[in-house]
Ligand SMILES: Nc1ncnc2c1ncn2[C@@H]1O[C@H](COP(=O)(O)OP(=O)(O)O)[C@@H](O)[C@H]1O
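Shown below, as structure tokens, is a lone chain in the form predicted on its own; questions about how it binds or moves come after it.
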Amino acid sequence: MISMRGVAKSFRGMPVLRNVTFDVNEGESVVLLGRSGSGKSVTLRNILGIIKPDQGKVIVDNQNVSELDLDELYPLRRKIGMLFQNAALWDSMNVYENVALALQHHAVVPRREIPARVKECLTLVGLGEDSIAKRMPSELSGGMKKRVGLARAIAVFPKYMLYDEPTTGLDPIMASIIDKLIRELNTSLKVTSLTITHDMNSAFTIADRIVMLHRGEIIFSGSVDEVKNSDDPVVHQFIHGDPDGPIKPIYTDHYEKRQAHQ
């Protein structure tokens, strides 16, 4: 389980997260929605222990992340797979080497089994051809890079998966392919997943539950049907992309006013 309890985080006096509380239950796929600057990426960074909250607790796999030192944090991070927004492949390594890197570093499987594991993961994301494994990232399309990043993330048998805008920059067909992969992998690998996205089609496809973050606070949590039928004006405006409504430009809300945590 991933659990955030009363988490607050500010940067230079500017509040980004304010009393954020939500859970991602075992085996669940949760989507965290929110406009740019609402604190979604800061939430992921707290979960990974890259930053520490000013207040509250972040619990991952029954451990309080903010209380762990680096030696204690590394074993926990090995349980987490991460798909970055830009895939974050190493430009100097080919596809095989990118996927194999974590396996070699963490000794998840015996060295002689690494080629088979790389092949298995690339096949799971539809890139099992031997010729693809030899390509460099510069030779891949955006969608292929995302799938290689996904293969790398699942290679180490993660218990948890974090997805940072997995369909950003993809055409609608490739975005649907990535969504389908995420859903299938969540089911077949029985992982616990948290995805941040602006893409409503993606959210509706991959989510068991949707949580909405607005102005640093959780304002909604419910199923896809509950989101679609919500009469909350903020939720309604966001999912329909209406220009008029309670969501105002970022420069007119509380972030500019630099309010302290209450």
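This one's a predicted model, so the numbers in the text were calculated from it and none came from an experiment. Numbers follow the displayed sequence, beginning with 1. In this text, rigid core is short for the largest set of C-alphas that superpose within 1.5 Å between two forms.
Not pictured, yet referred to below: the form predicted in complex with the ligand.
Mapping the unseen interface onto this chain, Q85 counts among the residues with a heavy atom inside 4.5 Å of the ligand in the model of the complex. The ligand in the model of the complex comes within 4.5 Å of a heavy atom belonging to G37. With a 4.5 Å cutoff on heavy atoms, H240 does not count as touching the ligand in the model of the complex; it lies far away. Though the partner is left out of this view, S230 does not reach within 4.5 Å of the ligand in the model of the complex, counting heavy atoms only.
With the partner omitted from this view, the residue of S41, S221, T205, S66 that lies near the ligand in the model of the complex is S41 [heavy atom within 4.5 Å]. For the partner-free chain shown, F11, R12, V16 of 3-23 come within 4.5 angstroms of the ligand in the model of the complex, judged by any non-hydrogen atom. In the core-superposed comparison between this form and the one not shown, the C-alpha atom of N86 has shifted by at least 2 angstroms.
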